[in-house]
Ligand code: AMP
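Before any questions on binding or motion, here is one chain by itself as structure tokens, the form predicted on its own.
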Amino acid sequence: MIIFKSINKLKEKVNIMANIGFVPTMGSLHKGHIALIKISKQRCNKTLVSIFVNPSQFNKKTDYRKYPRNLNNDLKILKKLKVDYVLVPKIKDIYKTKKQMKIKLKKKDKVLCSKCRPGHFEGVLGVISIFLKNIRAKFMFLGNKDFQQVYLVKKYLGKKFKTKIINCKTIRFKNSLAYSSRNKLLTKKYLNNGIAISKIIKNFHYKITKDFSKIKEIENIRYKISNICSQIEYLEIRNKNNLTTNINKKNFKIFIAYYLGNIRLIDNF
């Protein structure tokens, strides 16, 4: 495993035209990340993992500072997985000029997390574009837990780069709560609450697949979840193909963002 601390060093040493799979992360690795890495290793000759906590996608400086970090443990995990290359760049290496941050969302895409977290996805798209411009991997692997993120990356960056964006299934804890780095910040009580909330959404999704009229019960679901969490930021049912509210039995997906204490979690079924 070779560790690079700058993109330029990576470009100097690695044949970027090779069959490379890229897994971008913010570190604090968990089973969701590991699943993406294993898929990349199966499909590609070489696998590159980046670890970069991107400041431009955080709405609050306190949230950025509190984001869980454990680089030494992450590197141990990656070494055990026999990852070929790891990129751990500095902020100044990524953001050499503000001209690199010009991606703006269209009004119709400012829904769900992009509505609640202004500038968040502009930050995500900006850093991903910098990575893809420099790395030019054959494939990039992203998890469906961040479904809206994958949708926007494909929509805004899919045609700008030759890298094929592959979305992979959400990996879940105890068949319910999605793995997330933020889960590491939860107390045992909040973790159990998160598991309960995911089960409620999962069961609600199942009911709708059997009887689409059950969609009307969303307010009951909202009330049930509100008794378990600290705050519901949004609970919406949208078209999984375009994130509009034009839904039917085949295209619907349930999206939720909620707080357990001061920890924000998202999920979708």
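Keep in mind the model is a prediction, meaning the values are calculated, not measured. The numbering used is simple: start at 1 and walk along the sequence shown.
Another form exists, predicted together with this ligand; not displayed. Remarks below refer to it.
Asker: Partner absent here, but in the model of the complex, which of 240-248, 203-211, 28-36, 221-229 has residues with a heavy atom within 4.5 Å of this ligand?
Answerer: Selected stretch: 28-36.
Asker: Applying a 4.5 Å heavy atom distance criterion, does residue 170 contact this ligand in the model of the complex?
Answerer: Residue 170: yes, in contact with this ligand in the model of the complex.
Asker: Even though this ligand is not shown here, does residue 78 get within 4.5 Å of it in the model of the complex, heavy atoms only?
Answerer: No, residue 78 is distant from the partner.
Asker: Is residue 64 part of the interface with this ligand in the model of the complex - any heavy atom within 4.5 Å?
Answerer: Outside the cut-off, so no.
Asker: Look up in the model of the complex whether residue 143 has a non-hydrogen atom within 4.5 angstroms of this ligand, and give yes or no.
Answerer: Contact with this ligand, yes.
Asker: Is it true that 4, 21 and 134, all three, sit within 4.5 Å of this ligand in the model of the complex, judged by heavy atoms?
Answerer: No.
Asker: Let me know the one among 129, 198, 163, 149 whose heavy atoms come within 4.5 Å of this ligand in the model of the complex, would you?
Answerer: Contact residue from the list: 149.
Asker: Name the single residue among 85, 179, 190, 156 that comes within 4.5 Å of this ligand in the model of the complex, judging by heavy atoms.
Answerer: Contact residue from the list: 179.
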